[in-house]
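To begin, one chain is listed below as structure tokens, in the form predicted on its own.
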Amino acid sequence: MASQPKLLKMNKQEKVDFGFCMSILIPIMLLFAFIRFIPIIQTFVISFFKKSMIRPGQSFIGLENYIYVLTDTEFIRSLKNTFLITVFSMSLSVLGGLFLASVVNSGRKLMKLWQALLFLPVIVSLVPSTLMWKMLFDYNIGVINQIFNVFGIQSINWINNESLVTVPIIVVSVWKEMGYNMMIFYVGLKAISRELYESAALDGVNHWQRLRYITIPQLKPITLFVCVMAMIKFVKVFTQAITMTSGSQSSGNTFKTLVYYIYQQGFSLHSMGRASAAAMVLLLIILLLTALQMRLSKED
């Protein structure tokens, strides 16, 4: 005799609880689909059309938008800039977050206070915090250049040099996200059984061996999550770049990233088709990088 569905086997209270959960989950999932999946589908469709933001009408042009984007020198330049920022920012923020989490987890005095202070940049608005770092890196009045001058090093024009402005942008990005990574790693460290460390101590295992053979393997799922989230955030970097390289202190040459390229195509050049094609390329890059990280994690 075929087994009955689990829903029919529920008692009255379980059915009430199940209905209550569904009444909460279904509206949330519908809202998520409305604000996430539907815009993605619309963007994908628009990417095959010649569509202006300021003129009515549209015409189907197939893959022309993708061909234009992938052969555009400005897109290649934006891709290189984004790749550079993503690699360094992700590496430094993940390693820095793990280090800070291990320090906070040491149980020393005032660690809770330091934990709150280190998490503070995460909740600070990105625009004013970027402006603060921009002042620190300023050629004339910046504290960083003044420190260099004390040691006999000439001031460096960080903001108006495209090859150097990546440094303050990476610094802002790492400073902003490292506290978040610290908290995630801190939760992971707390979940590791103390018995593993006690057994290792009895066997005479030193600090670096405990880190290599106990801490890092136990944190593998957490590390994968942190790396994927950091990669997605830094691939979409926009505010730091545009805030750091625009305004009276800058030359006016905005440091271009992939998101800025999409913004420029859509809102400056009014080409929604090309902007949509660039957005779909960015989505594909994020999906491929995420799949690659998960694949490498499974192989390890």
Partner chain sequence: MSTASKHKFTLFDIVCLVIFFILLIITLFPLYFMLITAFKTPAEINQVPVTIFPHEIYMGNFSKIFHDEFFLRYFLNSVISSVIITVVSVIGSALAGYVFAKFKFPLKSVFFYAILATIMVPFESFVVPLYTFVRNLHGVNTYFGLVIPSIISSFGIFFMKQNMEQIPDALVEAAKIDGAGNWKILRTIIMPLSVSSLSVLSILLFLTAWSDYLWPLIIATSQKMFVLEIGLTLLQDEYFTDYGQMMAGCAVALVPALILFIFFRRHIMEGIAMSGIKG
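Residue numbers count along the first chain shown, from 1. Treat the numbers as computed from the prediction; the structure is a model and nothing was measured. Each form is matched to the other, and the largest set of C-alpha atoms that superpose within 1.5 Å is called the rigid core.
Although not depicted, the form predicted together with its partner chain is the subject of the following passage.
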property	result
Whether L131, V143 and I184 all lie within 4.5 angstroms of its partner chain in the predicted bound form by heavy atom	yes
Contact test in the predicted bound form: F75 vs its partner chain, heavy atoms, 4.5 Å	no
Its partner chain contact in the predicted bound form: Y68, any heavy atom under 4.5 Å	no
Residue contact check: K50 to its partner chain in the predicted bound form, 4.5 Å heavy atom	no
Non-hydrogen atom contact F151 with its partner chain in the predicted bound form at 4.5 angstroms	no
Segment that reaches its partner chain in the predicted bound form - one of 78-86, 161-169, 206-214, 191-199, heavy atoms within 4.5 Å	206-214
Heavy atom contacts to its partner chain in the predicted bound form at 4.5 Å, residues of 106-143 in sequence order	R108, M111, W114, Q115, A116, L117, L118, F119, L120, P121, V122, I123, V124, S125, L126, V127, P128, L131, M132, W133, K134, M135, L136, D138, N140, I141, V143
L31 C-alpha moves between this form and the one not shown by 2 Å or more, core aligned	yes
